[in-house]
Each structure stands twice: as structure tokens, then as C-alpha cells.
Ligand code: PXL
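This document opens with one chain alone, in C-alpha cells, the form predicted alone.
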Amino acid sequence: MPSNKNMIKPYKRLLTIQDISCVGQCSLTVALPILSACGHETAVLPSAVLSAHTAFNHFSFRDLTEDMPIIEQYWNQEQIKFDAFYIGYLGNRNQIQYVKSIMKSTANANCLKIIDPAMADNGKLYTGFDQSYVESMKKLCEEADYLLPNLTELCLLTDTNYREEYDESYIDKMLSKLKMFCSGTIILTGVNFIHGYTGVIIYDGKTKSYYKHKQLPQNCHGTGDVFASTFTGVLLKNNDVYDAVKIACDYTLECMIHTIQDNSHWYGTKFEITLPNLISRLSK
């Protein structure tokens, strides 16, 4: 029998479904390098292609909804399967239905589903989304093993009025509401209980943990994608939820520190500079 030292660690294949913003360091251009750096075979299914993300003044947008069932058909013919799904930005309700079908037809046994219900921030839905999209997203969230909403998305999923100032009981009530239809673990980002700090809540329906760090004076575009991609990559590697949250938070913060020093780099996060540090941490 070979020793544990010489055994090959599992090499997982995951599929991430979200848009490609060709310029701007977000969505798939963030997810693919981070997940690959974590040591996973990463397949992609673009939901749309943009010349640059929507914070730019001018951008092109090509919807890829019609390609999704065609790609699923060919994957099924080739009997392609995945060990995990990481779902990000989806452009419309039809895409949500196609994603549910793809996850059903291409999942290996014990496949993990990590879903970021990317549809809103700062108290508002993203452009092009309405309440009907929220209702469809609720159905997708039912299938999540790990659900990664921000505070605005949590409010929308639980039909709760958004507040900029809140206490712990406000959050707890929404977490309980969400658990009524989402059986998976909730990873709630951007929670500020203590002045000068921000953090992430982990809630599985029984226990709740909170990991916090100092809040920087300004935000960066794409940090949600950096966090979600890192969380997914680390979780699949060591299967420890709190450790995945901690590493993802620390890495996102490090990326932001390198970015905010450069006023010309307003459009994204310089995550590439710190990838060697992430790889080094995961290799220990």
C-alpha cells in the first residue's frame, strides 16, 4: 500500500458560470486565474460578453443565453461531469432555468453548488433586473450548498427593507427567513457590526460565526468576485468553511491594499500581484 505522503490529492473539475467583462478585473477574468491557482481544473460557461464592466461609461454587451442549452447538449453527449459549480452573474430569468438544468445533468456524485446571487448592491438591484428576477433567483438559491449574498441581496431574498444602519437582530431575522427555503450554509458578506470593521457571517442553521477585519477607507470594483472565487477555491481544497472564509477575506483585503494606493486603477482590483501569496498559503 502506498503511504499517505505519496498519494495524489484529489484533482477536482469545477464549472463556473458568469459573465466575461473583457476589461475590468471582475467575473470570469478574476474567477478563472484564482480557481486555477487554487489547483482546480476550471471550466467556464459565459453568460454574456462585455467589452468592459458596467462601471465604464461605454461598453458593448452580447447576451449568450441561447448558447447555454446547446453547450449543455454537447457536454451531455461527451458525458462531461463536474465536481462543483460556482455560479455568479446571470443576465436574465431564462439563464437561471438553464443553469438549473446544467447543474442537474452534469453533476458528479456529491457535487457542491456554490451560488453567488449577484443581482444587487448598496440597496439597489443591478440595471436590467426586477422583482421577477429576484423570485427566480430564490428558486436557484434553494439548490445551493453554499450561498454567498451581500446585505442587499439578503434583503431582497427575504423581502426585507434595506437599512444602512442595523444591529445583529436585524441580520439574524433575515438569516432565519432565508433558511426557510435555503438548506445550505449562508456566507453573508459585508457585515458591519463594529465601527471601523467589516466581516463575513457563516450560518448553517445551527451555529453562527463571524470573521472580521479592519475596514479600508475606500472600496474597489471586483472585490466580491475575488472573495467568492477564493472562497470556492479554498473550500474545494480543504473542505473547511471557516478557513475558506478567513483566507478569502484576508486575500481580498491584501488585494485592496495594493490597489487603493493607485488612483488610476479605479476599475478593478490588483489581485494578480498577490496570487503568489495565496498559492504559498495553500501549499502549506
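Numbers follow the displayed sequence, beginning with 1. Small disclaimer: the values here were computed from a predicted structure and weren't measured.
Same protein, other form: the form predicted together with the ligand, not shown, and the subject of what follows.
Query raised in the report: Within 4.5 Å of the ligand in the predicted complex, do F227, T252 and K270 each have at least one heavy atom?
Result: The answer is no; none of F227, T252 and K270 reaches the ligand.
Report task. Sort through T54, T65, Q215, N219 and report the residue having a heavy atom within 4.5 Å of the ligand in the predicted complex. Result -> It is T54 that has a heavy atom within 4.5 Å of the partner.
Query - Listed residue that, although the ligand is not shown, lies within 4.5 Å of it in the predicted complex (heavy atoms), from Y126, Y162, Y166, Y211 - result: Here the answer is residue option Y126.
Query raised in the report: So in the predicted complex, does any heavy atom of T259 sit within 4.5 Å of the ligand?
Result: No - in the predicted complex, heavy atoms of T259 and the ligand never come within 4.5 Å of each other.
Query raised in the report: Does T16 reach the ligand in the predicted complex if we count a contact as any heavy atom within 4.5 Å?
Result: Outside the cut-off, so no.
Query raised in the report: Though only this chain appears here, would C26 touch the ligand in the predicted complex if you measure heavy atom gaps against 4.5 Å?
Result: Heavy-atom contact with the ligand at 4.5 Å: present for C26.
Query raised in the report: Does at least one non-hydrogen atom of A244 fall within 4.5 angstroms of the ligand in the predicted complex?
Result: A244: no contact with the ligand in the predicted complex.
Report task. Considering the ligand in the predicted complex, find the one stretch among 228-236, 66-74, 31-39, 45-53 with heavy atoms no farther than 4.5 Å from it. Result -> Of the stretches listed, the one contacting the partner is 45-53.
Report task. Between 141-168 and the ligand in the predicted complex, list the residues on our side with a heavy atom within 4.5 Å. Result -> Not one residue comes within 4.5 Å of the partner.
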